[in-house]
Every structure is written in structure tokens, then in C-alpha cells.
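As C-alpha cells, one chain now follows by itself in the form predicted alone.
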């Protein structure tokens, strides 16, 4: 430990020389005060929801809320598995991890940070569950037990993610378990929201009135299981492979650099390069297709090599339906979720377009004009966006009467897919942020125009190109013929401007 402390002191000596001034302490106190003021209103609403009578809670709302909490939990564990979760600073990764120092002592700060983050995430999830269910009598044991169950679940999941990072068999098992948990949560949430879970309605209504002794027993069992996993993880730190820590630290360092330099576009490049690096791909002959369609075939082959991404996109199609039940109908957040999900699905099929923009020589080598290449590159995003919209509308039709009940709603899918594909290609070609643009002073504070323009590039085309469909979805008119005509005109204008701009370029 003395050698480790000395090594850390040498590495962090330049930062240790600077002493904290009263300005530093004032800034820290002011930041804490601002965060407290911002979080006061959400915490007040959550507290009022907790103490509200549970008898007035709709079972469908309870089922949907619990499904969203389970999905959030699975997403947090998947994010921890993707990030590391044991990571150290670049200096420690370069000098301390490969050194003969005790591996457990080197990784102890990272393990403590992970433990604190897991406890905080567990408290937030526990309070969210209590907000969904409500606690009529506000029993201390019931509230503490629910929070302890959530904290134990987060700590145990983080410990399992650490064991998976080490390369144990838990790696594949954890992925399968998270996928199964997310699928079960989506199916259960849709079933509860659609009314198909009528036998469960009494169970959902009785959840807020579960005896405190049962909750305490479940909390004790969960804490014992989480403690066992944490002890096993702590023992595994002494034999933790250095390659896993160095690789995860490099990913986190690259992501941090991209965020600090305000270049979030680099994150997708980093993730794509890290995925395909050191992978062997089987060579297959191309089908006999025209030259422009061959470019679309390459993009389709790339998507086929990543079935996990396609499965995640398909599962995310149920989120607008769950949001519709949680918000009480087709509200603006549901429309935003539909548009954002379709745009995300389309953007996952634009890697070839980004390569063409970075290196235009590839298009010339293929012997395809720029206009034909852009049209071919738009085919996979359009098909993927259309498939995602169809799945999302089908899920909405299960939980909401009138939403996709008529054939006219499905007619919006092929009309909205091309503008969304054009928006995804526009996002792929926006390049880095222009930090030379001025800062605009507004009543809400200064707004840098560079990041603002970078963020809305592509989203503006999607909103304008799908405005008639989104309006019809929010208004729910009896006849949608006029909205279909307006959507067809918007699609023709968007695609025409896209191809015309390619010809002029």
C-alpha cells in the first residue's frame, strides 16, 4: 500500500500543488444549491405521488410503470457492462495496472465508485417504484424495504457485470439474462396496458398493500444475495486481467475526450471502430445487382452481421406504447418517442454514407454517380425506419383504441420512411461542430450556435417531412385523407430536394 500511495502521489503531483481557494469552495456550494433547487420540484411531486392513495391507481398504469422501471434497470446494467464497469484513469491504466503492485489495491477506487453509483441508482429506482405504487399508510418498513430491494438489485447487477468483464461465463449469461428481462418487461407492460392481463389486475392493485414483513423478508434475501456477489467480486479483483481494465479505460477515455471537446459525433466512430477491430469476416460473392444497389447491399450485409442491434431496435418499438399508457394517451412525448425511435433506427444504417462523405474516392471507385449513390444509400435507412414505425404502430394499436385501428394509419408508414431516411443521411453528413459561430444571448442564458445547429441538423428535416403525420397522430381525426395527401406532398418535396442537392453537389 505504501508503494501504491507513492506511485499515485507521483502521478497526481501536478494537480496536488494547486490549493483550493474560496472561489472554488463558493463554486462548489453554489452548484450544490442550484442542483438542490432544480431537484426540489421533481422530488416534491414524487413525494406527493408516494403518499397518494393507492386505491385510485389504475392497474394498467402500475403495470406499465413497473415495466419501465425494469427496462431502466436492464439498461443501466447493460450500460455498465458496455463501459467496463471497472475503469481507471489513463495514467493509472498506463502505469499502475501493468505494474507489479497489488491489483486489488489499484482497482479499489474504481470498485468503490461503482458501489456508490450502484447505491445511488438503486435509491432512484426504489423511489420510482414507490412513486408508481404509492404507500397509503407511509410505513417506514415498507418504504425502506422497497428501497433496499432496489439497491440490492443494482449492487448485484453491477457485481455480475464486473465478473462478466473479467471474462467469466457470466459474460454470455448476463447478456442473455438482460435480453430476457427486457423482453419479459415489454410483454408484461403491453399486456397490462392492453387489458389482456385481467387476472393480474387484483395482484397489481394489491402490490401497494403487501405486508411489511414480506417486503422486509424479500429485502433481507436480496441484500444477502447482493452481498455474496459483492464479496465474490472483491475477491476476483486480485486476479483481474489487465487487458480488460486497459481496454475499458481506453473506451472511457475516448468517450470523455469526445465529450470534453464537444464532438459527440466521434462517439459513433469510436464505437464502430472498436466493434470491427480484430474481427474476421467471411468473404462472400456479391449478388448480381446494378452498381447503385450494390452499395445498399453492403449496408444490408453490415446490419446482418449485428443481429443484436436489430433485436434491440425491435424491442424499443414497444416504448411509445408504454409511454402512451404512462402519459394517458397519444401525447406530444409519445409523438417525440415515435419520431426519435424511427430516426435512431434509420441512423443505424448510415455507416456507408458516412464513409462516402469522409472519403469520396470510394464512390468514384464504384463507378456510381453521386446522385445514384445517395439514392442507394437511402434505401436501407428507409426500410429500417418503415419497419420500426410499423412495429411501433402495432404496439400502439394494442394499448390504445383508435390508434392504428384503421388501414389509413398504416398508409403513413411508407410515406414517413423516406423523409426520415433523408434526415438520417443529413445527420451522417453534418461533420464536426463549428465552434467559430457566435454565442446567442437569450433570456434563458447564452446559447452557443455551433452545438445548436449541429444538434438540430437532420432533426429539422424529420420534423418538417413528417409534420402532417405527427399532427394527425396527435389530433386523432375521424378522416385522415387530407393528412395523407399533405404527407405525400411533404415526402415528395423532401426527397426531391435531397436528390436535387446531390446533383448540384
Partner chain sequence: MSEPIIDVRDLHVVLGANPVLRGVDLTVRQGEIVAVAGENGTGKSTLLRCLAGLRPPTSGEVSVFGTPPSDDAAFWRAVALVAAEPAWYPGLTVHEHVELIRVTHEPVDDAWPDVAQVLERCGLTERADAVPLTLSTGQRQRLCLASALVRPSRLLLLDEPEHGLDTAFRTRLAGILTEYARSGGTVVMASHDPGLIEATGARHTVLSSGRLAAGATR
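Numbering follows the first chain given and starts at 1. Being a predicted model, the structure only gives us computed values, none of them experimental.
Another form exists, predicted together with the partner chain; not displayed. Remarks below refer to it.
### Task
Look at the candidate spot formed by 276, 281 and 288 and say whether the partner chain comes within 4.5 Å of a heavy atom in all three of them in the model of the complex.
Yes, each of 276, 281 and 288 comes within 4.5 Å of the partner chain in the model of the complex.
#### Entry: Partner proximity in the model of the complex: residue 359 to the partner chain, non-hydrogen atom cutoff 4.5 Å
Judged by the heavy-atom cut-off of 4.5 Å, residue 359 is in contact with the partner chain in the model of the complex.
### Task
Find out whether any non-hydrogen atom of residue 368 is located within 4.5 angstroms of the partner chain in the model of the complex, and reply yes or no.
Output for residue 368 is yes: heavy atoms within 4.5 Å of the partner chain.
### Query
Given that the partner is absent here, does residue 295 sit within 4.5 Å of the partner chain in the model of the complex, heavy atoms only?
The answer is yes: residue 295 has a heavy atom within 4.5 Å of the partner chain.
### Query
Can residue 166 be called a contact residue for the partner chain in the model of the complex at 4.5 Å between heavy atoms?
It does not: once the partner chain is placed as it appears in the model of the complex, residue 166 has no heavy atom within 4.5 Å of it.
### Query
Out of 246, 174, 351, 323, which one falls within 4.5 Å of the partner chain in the model of the complex, going by heavy atoms?
None of the other options qualify; the answer is 351.
### Query
Here the chain is shown alone; which of 430, 108, 301, 232 has a heavy atom within 4.5 Å of the partner chain in the model of the complex?
The residue in contact is 301.
### Region of this chain that lies against the partner chain in the model of the complex, out of 181-189, 69-77, 217-225, 302-310 [heavy atom, 4.5 Å]
Result for this chain: 302-310.
#### Entry: in the model of the complex, residues of 144-165 near the partner chain [heavy atom within 4.5 Å]
Nothing in the stretch sits within 4.5 Å of the partner.
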